[in-house]
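Take a look at this single chain in C-alpha cells; it is the form predicted on its own.
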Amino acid sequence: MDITEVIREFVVTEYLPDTPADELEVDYDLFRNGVVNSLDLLRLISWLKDQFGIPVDELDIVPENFRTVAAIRDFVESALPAPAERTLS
C-alpha cells in the first residue's frame, strides 16, 4: 500500500466511516467540507508522526498541507528522507 492509500484509509476510518476508501478523491477538500476540524488536525498530525516517523515538531504546520489527501501525501513525502537516505539508515 502506498502513502496515498495509507493516508486515504486513515481519513476514511477516522473521519468518514460510511465512505469506501476508493470513493474518497485525493483532491477532496477535507476542511471546506467539514470532514476535519482543528482538533481532528492535531490527531492527524500525531498519527502522521507515528505512522511515518517524520519529525513533525520541526516542520511548518500550515492548513494547506492537510487540506486534501494529496496535500497530506505531498507533505509526508517532503518530510521523509530521500529514498537513498532511507535505505542507508
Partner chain sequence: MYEWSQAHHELRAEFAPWYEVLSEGHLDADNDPGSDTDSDGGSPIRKWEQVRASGLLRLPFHTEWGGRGLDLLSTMYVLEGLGEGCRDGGLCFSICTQLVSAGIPLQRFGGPELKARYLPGICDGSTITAHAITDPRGGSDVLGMGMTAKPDGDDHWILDGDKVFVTNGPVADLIVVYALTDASLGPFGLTAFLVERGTEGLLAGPDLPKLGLRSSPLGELSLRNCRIPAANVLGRPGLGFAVLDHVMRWEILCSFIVQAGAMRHRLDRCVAHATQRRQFGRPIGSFQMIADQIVEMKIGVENSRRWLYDAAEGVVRGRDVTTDVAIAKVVTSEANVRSALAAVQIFGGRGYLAETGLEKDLRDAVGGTIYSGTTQMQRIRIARMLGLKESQT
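Given the structure is predicted, the values throughout are model-derived calculations rather than measurements. Positions refer to the first chain, counted from 1.
If you look for the form predicted together with its partner chain, you will not find it shown, but the lines that follow are about it.
Proximity of residue 57 to its partner chain in the predicted bound form falls within the 4.5 Å heavy atom cutoff. For the chain shown alone, residue 67 is a contact residue for its partner chain in the predicted bound form, at least one non-hydrogen atom being within 4.5 angstroms.
Using a 4.5 Å cutoff between non-hydrogen atoms, residue 13 counts as a contact of its partner chain in the predicted bound form.
Using a 4.5 angstroms threshold between heavy atoms, residue 20 stays clear of its partner chain in the predicted bound form.
In sequence order, 31, 32, 36, 37, 38, 39, 40, 41, 42, 43 are the residues of 25 to 43 having a heavy atom within 4.5 Å of its partner chain in the predicted bound form; the partner itself is omitted from this view. Shown here is a form in which the CA atoms of residue 59 and residue 51 lie at least 3 Å closer together than they do in the predicted bound form. Three angstroms is the minimum change: in the predicted bound form, the CA atoms of residue 59 and residue 73 sit farther apart than in this structure, by 3 Å or more.
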